[in-house]
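Encoded as structure tokens, the following chain is the form predicted on its own, with no partner shown.
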């Protein structure tokens, strides 16, 4: 990728859930601009790329405070926080019943909301406060088109899978967190925006693809790395007058 956002060079970026499918793409996008990337994830990867993995439970405030002390001791100024971590589930025969609303367990509710919402709140609170004391920064929350609309359960009818209620609640909640943070820290020179991306192609079943492509005006899911430039734009000075915005990139799915 050619560097398009020169102001991101040498910026220090935290990516939560950076070892996942979308997270790895986000990390690579920032590396292409010369940024320094720090990943908070329970899963750490071996990589020759210039990524610092900090094994972290983002629902544990003490672990996050320990990470903050790491940055303080090394006198690292944080510039960008990407709240990306969330639980998602691949349809299979084992989970076809447990995700139905009638059967949904309180433990699963707590687990998903802890990761997707509490984790984002804690990272925003702890690292956003640090940025606020150090001349500002950018926070970007990774929501979803399902933070705008409800899931179409008919897409999963063949596998008898149910998209969990927690996914919608978390993604809607991230949009609320975005607007609150943007207003609260505006005078501290912190901009906070969210993206609401549609689903990305990742070798889904032909049956699923045939169904979802019919309800997306552009007729397809997103391609791998197709959100990279949007994320970089929202974290760069190119979007300097944007805060509290929710940018929908879903091939038009939410307009019909």
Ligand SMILES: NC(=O)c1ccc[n+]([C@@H]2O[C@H](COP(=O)([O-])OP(=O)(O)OC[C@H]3O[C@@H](n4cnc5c(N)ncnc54)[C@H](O)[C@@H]3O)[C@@H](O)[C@H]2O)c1
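Numbering follows the first chain given and starts at 1. Because the structure is a prediction, the values reported are computed rather than measured.
From this point on, the text means the form predicted in complex with this ligand, which you will not see here.
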*Tell me which of 150 to 158, 82 to 90, 98 to 106, 131 to 139 has residues with heavy atoms within 4.5 angstroms of this ligand in the model of the complex?*
82 to 90
*Any chance residue 239 has a heavy atom within 4.5 Å of this ligand in the model of the complex?*
no
*asked:* Using a 4.5 angstroms cut-off on non-hydrogen atoms, would residue 43 count as touching this ligand in the model of the complex?
replied: yes
*asked:* With a cut-off of 4.5 Å between heavy atoms, is residue 185 one of the residues that contacts this ligand in the model of the complex?
replied: no
*asked:* Contact with this ligand in the model of the complex for residue 57, defined as at least one heavy atom pair within 4.5 Å: yes or no?
replied: yes
*Which residues, if any, of 167 to 199 lie within 4.5 Å of this ligand in the model of the complex when only heavy atoms count?*
167, 171, 197, 198, 199
